[in-house]
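The form predicted on its own is given below as one chain in structure tokens.
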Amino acid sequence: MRKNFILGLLAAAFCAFVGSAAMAQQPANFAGGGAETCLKCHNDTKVNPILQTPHAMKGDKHTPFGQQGCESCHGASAQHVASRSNKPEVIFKGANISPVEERNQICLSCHQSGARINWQGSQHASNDAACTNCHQVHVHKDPVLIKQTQAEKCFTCHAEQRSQIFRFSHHPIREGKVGCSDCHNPHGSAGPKLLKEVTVNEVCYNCHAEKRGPLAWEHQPVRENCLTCHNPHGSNQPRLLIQRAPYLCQECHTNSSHQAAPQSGQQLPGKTGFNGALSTNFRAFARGCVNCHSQIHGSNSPGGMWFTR
């Protein structure tokens, strides 16, 4: 019996020691009580969905709820709990919103690596874009992470690209089959225009691998930059072309051996109409050079130097 009494004293002393250590680790300016303390006032449909997200996994010490709960992101709020006149340290939305640097620092304290590693110095960071300008935390699924709704968030700033996807020829962005992040990394990139790859062509080859090569006969503008001929966000010409063929081709091939420039009235030689007069060759006019030069992206045929069939 005496042994049990001594063991009970030791257990009580151990619990008291652990409790005091825990209180020592808990800063005095934190409210304590976790999310339950905050939900006494903020129990509404704008806040509650966060409880169904990975941020609310208490079993994972790397999550906000595995640490100080709501205060992990909004800062120590003991004074705010005591009186509503005292605002939390970090406010993400509303009239008293915190500076962009403070808000982003909260997010980057966990989300610094991976796709966000190039955030510092990126175009969005340089333009004082905050993480919460695009992302929503208190929702079951962030709309910007869903391919079908992602573009609408990007288009709040990129209005020109919004208009382009409604053109005749476009990538299926508004159909929800392609998202902006399939080509761009909004958190920063080593390539131009926040592209996921270092060059434009490498981005295009992720889907259009048949254009990559290596090819025995290469069309130099194709190898240099796909944007020489195509507008990836949308065009009123077929196949996202920036201009209708043959006019697009004739921007470079002005002295073609065909001597076929429809805008100047020239025709292919040897074609005659009534009374021996030269007539317009409709293979060049209106139909485009690719009617014959169908392998315009390059050819592996031994006789493919002219990119013909």
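For every residue, the number given is its place in the sequence shown, counted from 1. Being a predicted model, the structure only gives us computed values, none of them experimental.
FYI, the form predicted together with a small molecule isn't displayed, but the following is about it.
Q) Any chance residue 167 has a heavy atom within 4.5 Å of the small molecule in the predicted complex? A) Heavy-atom contact with the small molecule at 4.5 Å: absent for residue 167.
**Q.** Distance check, residue 207 to the small molecule in the predicted complex, heavy atom within 4.5 Å
**A.** Yes, residue 207 sits close enough to the small molecule in the predicted complex that at least one of its heavy atoms falls within 4.5 Å.
**Q.** Heavy atom of residue 42 within 4.5 Å of the small molecule in the predicted complex
**A.** Within the cut-off, so yes.
Q) Is there a heavy atom of residue 253 no more than 4.5 Å from a heavy atom of the small molecule in the predicted complex? A) Yes, residue 253 lies within 4.5 Å of the small molecule in the predicted complex.
Q: Name the residue from 117, 198, 137, 216 that puts a heavy atom within 4.5 Å of the small molecule in the predicted complex.
A: Contact check passes for 137.
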